[in-house]
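The chain below stands alone and is given as structure tokens, in the form predicted alone.
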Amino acid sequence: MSTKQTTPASISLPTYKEGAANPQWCPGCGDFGALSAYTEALRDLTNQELFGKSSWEAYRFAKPLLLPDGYCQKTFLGVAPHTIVTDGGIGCMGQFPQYVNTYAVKMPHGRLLPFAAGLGAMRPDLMIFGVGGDGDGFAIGAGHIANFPAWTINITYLIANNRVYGLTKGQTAPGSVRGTATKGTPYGSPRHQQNFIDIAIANGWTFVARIAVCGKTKDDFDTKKQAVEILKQAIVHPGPSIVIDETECPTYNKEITPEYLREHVVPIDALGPHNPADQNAASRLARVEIKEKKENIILTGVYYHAERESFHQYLGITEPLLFKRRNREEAKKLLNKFA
């Protein structure tokens, strides 16, 4: 499945890399593959009509992209560098904002989603793409993982699961399997691995998926191609989307290698028909691959998606909420009103 090409050849990958810094990750880091998948997804969803306009003008006047069957949103307008905000959290993957040509923001530990909530509420014309590590999302940020989706504000949140805190010397993380030995847990961690997919489904995320960018598997399944397609669907989805990226940390996790991933990754479709609109079926599917210390398989694909009335639909908001500049007296009255 791929979007029909609606953009001229001038819109290419360099459009989203122009002026961006060179990634400073360790050689062999899985984040390189995720960044490549992200920029390819943006390229495929780019709408030429958005260029040369402010984002709110484009939001009002641009023609929608033609999308294939299977996508939730049939009136997606597309993206351009000035209509995207890459919202970085903590973790090595949280450095994404520096490495892509979009608007960028870097948030404190665990606070990616509160920023996204405020910006998304005020600016429905922007595409917000959050990215960070599993500790940022499911440890210190776990309260936001639970509460954010209830607002039904549009965001795509990509979370790296390399099963260690790769940015802070390899401690155990929410994605670490039980028995993981690190400098902090030399005899093996007694903590069970968190099931991120199950948590996301239970807490109301309306698009839940998993990717693993590790090349082609032994069955010649192209994980990169699948990852690009899933990120495109997540971005197009009109609601809170979460995508777990099963990835490697070559510095601190010597067990989860590209070879390990290629051996264990299985696309959901290989197990038979799955209806992503069935929440109960999605939850059952989220539990099939966990086997005490190691997985039997790592299922990649879309587990769940559903459409709900959004924050903006409920409030009847049809355009960005842009504040007019206020003079000092008006601002003082407004502050006193809520003091």
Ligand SMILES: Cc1ncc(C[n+]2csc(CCOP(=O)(O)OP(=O)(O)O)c2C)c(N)n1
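None of these values were measured; they are calculated from a predicted model. One rule holds for the numbers: they count along the sequence shown, beginning at 1.
Just so it is clear, the following notes concern the form predicted in complex with the named molecule, a form of the same protein that is not shown.
- Of the candidates Thr168, Gln98, Asn147, Thr185, Thr168 is the one whose heavy atoms come within 4.5 Å of the named molecule in the model of the complex; the others do not.
- Residue-level contacts in the model of the complex: of Val177, Ile153, Ile268, Ile140, one residue has a heavy atom within 4.5 Å of the named molecule, and it is Ile140.
- Contact between Gly120 and the named molecule in the model of the complex is not found at the 4.5 Å heavy atom cutoff.
- Taking non-hydrogen atoms only, Asp134 approaches the named molecule to within 4.5 angstroms in the model of the complex.
- Interface membership of Gly91, defined by any non-hydrogen atom within 4.5 Å of the named molecule in the model of the complex, is confirmed.
- Residue contact with the named molecule in the model of the complex: Ser241 places no heavy atom within 4.5 Å of it.
- Only one of 120-128, 209-217, 157-165, 226-234 places residue heavy atoms within 4.5 angstroms of the named molecule in the model of the complex, namely 157-165.
- No residues of 193-224 lie near the named molecule in the model of the complex, the criterion being any heavy atom within 4.5 Å.
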